[in-house]
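In the block that follows, a single chain appears as C-alpha cells, in the form predicted alone.
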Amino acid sequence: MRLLVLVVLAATLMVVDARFDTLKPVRSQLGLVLTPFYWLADLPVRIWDGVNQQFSSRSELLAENEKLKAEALLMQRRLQKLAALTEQNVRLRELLNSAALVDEKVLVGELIGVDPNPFTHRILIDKGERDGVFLGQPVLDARGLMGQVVEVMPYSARVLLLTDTTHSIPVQVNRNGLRAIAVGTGNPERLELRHVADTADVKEGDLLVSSGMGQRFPAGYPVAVVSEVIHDSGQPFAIVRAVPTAALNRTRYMLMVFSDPRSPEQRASEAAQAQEAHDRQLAEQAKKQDAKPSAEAAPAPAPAQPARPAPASAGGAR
C-alpha cells in the first residue's frame, strides 16, 4: 500500500508539474537545497577531468614547445643562410664592379683552403692550370692586390699573400709618385716600406699603388694605405707602416688578372695596322660597288654618279 501510494503521488506530482505552474516555487527551493549534494556527487568526476586535462595540457605544451624550438632553429639556419647569401651577393657585386674597372682579362676564383702554418700566408683557390692560371699571376679582390700565384695544379692553385714575410712588391705613392718596396711582416693587417729616406715625402693616409716595375704586377692597382710614419734623426731611413687595402683574411672571391704581355708601343702599332687594314678593305669594297654595272637599268638612264674617292690610309691620316 505504501509503495502504491508513493507511486500514485509521484505520478500526480509529475503530471501537475508538467501541466501546471503550481509546483515551480517548490521545485526552485528543492533545487537550492539539493545543489550542494549535486556538487558533492559530481566532485570526483570533476577532479578526474581536471587532473587528466592538466597532464594532457602539459604534454601538449611540451610537445608544442619542442616543435617551436625546432622551427626556431630552422628559421635561424635559414636566416644565417640568407645573411651569408646577402653578403656573398654584395661581395660578388663589388667584385664585378672591380672587374669592370680593370683593362686586362680576369678570371673569378673562390677560396677553398688556407695554409694552417701560422708563419706562412698562403691560400688555395679553385682555379688551376686547366683554367689558364700560371705562376706569378697577380691576384686581387674588390679592394686591391692580394698577392700572386706561386704553385699551379690542374684544378687549383696556391696564392702567396702580400703580407707573407717572403713577399715584396714595388709600389709608389699615388700622391707624388715616390717609389718604394713594400714587404710583408707576417701580420695580415700590416706591410712595411723598406729603405725609405727619412726626408722622403710620405704621409699618413697616402695610397700606395703598384708601380709595375719588375713586370710581375700591373701598374696602378691599390696595394695599401700608409698608417704610420716614424722619423728618427739618428737613422737614415724612416719606418713606414701601411695597411693592405685588400681584405686578405676575409675575402672569399678574388680575381686573377691576365695581363697583356705587349708593350704600349706594340699595342699602339698593332692597333694602327689593324685600322689601316680596315680602311683599305672599306676602300676596296667602295670601288667594287662603283665599278659594278647595273644589271637592271631603268628606261631613262640615270646620271652617272662620280666615283667615290678612296679614303686616305690610317698612317697618312695620322
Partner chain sequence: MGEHNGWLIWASYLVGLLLSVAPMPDFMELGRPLWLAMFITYWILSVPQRVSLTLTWLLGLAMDVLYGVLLGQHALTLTLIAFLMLTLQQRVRMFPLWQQSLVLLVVFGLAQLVQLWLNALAGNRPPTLVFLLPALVSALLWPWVFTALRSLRLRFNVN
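The term rigid core refers to the most C-alpha atoms you can superpose between the two forms while keeping them within 1.5 Å. For clarity, every value in this text was computed on a predicted model and none was experimentally measured. Residue numbers count along the first chain shown, from 1.
There is also a form predicted together with the partner chain; it is not shown, and the following applies to it.
Visitor: Using 4.5 Å between non-hydrogen atoms, is D290 touching the partner chain in the predicted complex?
Guide: Residue-level check for D290: no, no contact with the partner chain.
Visitor: Please run the contact check for L68 against the partner chain in the predicted complex: heavy atoms, 4.5 angstroms, yes or no?
Guide: Flag for L68 set to no.
Visitor: If we define contact as a non-hydrogen atom of the residue within 4.5 angstroms of the partner, is L34 a contact of the partner chain in the predicted complex?
Guide: Yes, contact at 4.5 Å.
Visitor: So in the predicted complex, does T120 come within 4.5 Å of the partner chain, heavy atom to heavy atom?
Guide: Yes, T120 is a contact residue.
Visitor: Kindly confirm or deny that D198, A219 and A247 each have some heavy atom within 4.5 angstroms of the partner chain in the predicted complex.
Guide: No, none of D198, A219 and A247 comes within 4.5 Å of the partner chain in the predicted complex.
Visitor: Please pick out the stretch from 175-183, 227-235, 207-215, 108-116 that is in contact with the partner chain in the predicted complex, where contact means heavy atoms within 4.5 Å.
Guide: That would be stretch 108-116.
Visitor: Could you list which residues of 5-21 come within 4.5 Å of the partner chain in the predicted complex, counting heavy atoms only?
Guide: Result: L6, V7, L9, A10, L13, M14, D17, A18.
Visitor: Answer yes if the Cα of R46 shifts by 2 angstroms or more between this form and the one not shown on a rigid-core superposition, and no otherwise.
Guide: Comparing the forms between this form and the one not shown, which are aligned on their rigid core, R46 does shift its C-alpha by 2 Å or more.
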